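The chain that follows stands alone, in the form predicted on its own, written as structure tokens.
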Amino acid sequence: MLVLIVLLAVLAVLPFFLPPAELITFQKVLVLALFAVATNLLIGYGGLVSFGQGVFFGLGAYVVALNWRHYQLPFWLAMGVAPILGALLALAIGAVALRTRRLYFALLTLAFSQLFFTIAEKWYDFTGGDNGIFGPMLPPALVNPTAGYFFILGVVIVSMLILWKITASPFGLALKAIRENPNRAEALGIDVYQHQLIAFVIAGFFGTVAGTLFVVHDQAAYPQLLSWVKSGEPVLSAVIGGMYSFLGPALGAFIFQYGHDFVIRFTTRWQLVLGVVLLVIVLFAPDGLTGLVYRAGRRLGKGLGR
């Protein structure tokens, strides 16, 4: 608890010490952290690897951007409607994709991601095609980087608290049981399909929230936000930070974003460096960095005990 209080205090005073450019980068970190934690509800808790979560992230950004471009309704209305649409879309996709298992589920979510990516890229008159939508789509109160940061931080904290309550509830424990052994969980009376579908809807809802926050950060929406590459970012963050820890994906998001920004200063082949890092993590820290720290703490505790 003390660590969380210190972390929140640091996040609260950060805008007063970082230059605007660094503050905007940290906005992106917060958005990715929420996206990763929401996706980890499927991966780390439900045992479902989805490569289609970019659909919901992109949907959140596009709802706000398309509203600004075509309808001129209040920004707050678009931001409130987007997660509901994301949940409904997740219900439709999940109802189909969850009829399959493991690899086929991952491939089917990947197919949905590419489907919506293609629609956004080809429907030029409505979505702007490959050019996307860029423009002053934020209300004046959020244009300032500091105000935008505090708004993103507030939404991320509230969303994280809700997700934490979900994972700590009997529903979250049931998801863990399904992850470990779905057949045994079903034999105990747990409706595996229903629990996984609800988890998919919740992940879609908060993935869409993250997408709307991306607009606050970037004031843009473009097809790449819907692609499988974008869907891979929260998965990689969860692997790096630790998918079996609630805040592990958030730590992974921080490392992923700043590691990416650091590496591209020296080479354009940052994917190669990322691949090597992931290989090392998988081989020597399969539970991610939080798992590594936890194991080191246990060994230290045993040593002190002796």
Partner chain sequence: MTALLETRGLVKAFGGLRAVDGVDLVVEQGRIHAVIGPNGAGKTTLFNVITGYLRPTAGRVLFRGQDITGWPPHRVARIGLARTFQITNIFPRLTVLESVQVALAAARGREKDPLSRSDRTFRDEALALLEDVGLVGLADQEARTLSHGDQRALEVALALAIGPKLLILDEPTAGMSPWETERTVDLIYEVARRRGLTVVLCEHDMQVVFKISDWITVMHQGRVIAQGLPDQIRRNETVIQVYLGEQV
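Being a predicted model, the structure only gives us computed values, none of them experimental. Numbering follows the first chain given and starts at 1.
This protein has a second form, the form predicted in complex with the partner chain, left out of what is shown; the following refers to that one.
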Discussion item. With the distance limit set at 4.5 angstroms and only heavy atoms considered, check whether Asn181, Ala185 and Gly189 all reach the partner chain in the predicted bound form.
Written reply: yes
Fill in: Close approach of Leu173 to the partner chain in the predicted bound form, 4.5 Å, heavy atom
yes
Fill in: His195, heavy atom within 4.5 angstroms of the partner chain in the predicted bound form
yes
Discussion item. Considering non-hydrogen atoms and a 4.5 Å limit, does the partner chain approach Ile166 in the predicted bound form?
Written reply: yes
Worksheet item: Does Trp68 reach the partner chain in the predicted bound form, with heavy atoms at most 4.5 Å apart?
Response: no
Worksheet item: Which of 143-151, 232-240, 204-212, 173-181 has heavy atoms within 4.5 Å of the partner chain in the predicted bound form?
Response: 173-181
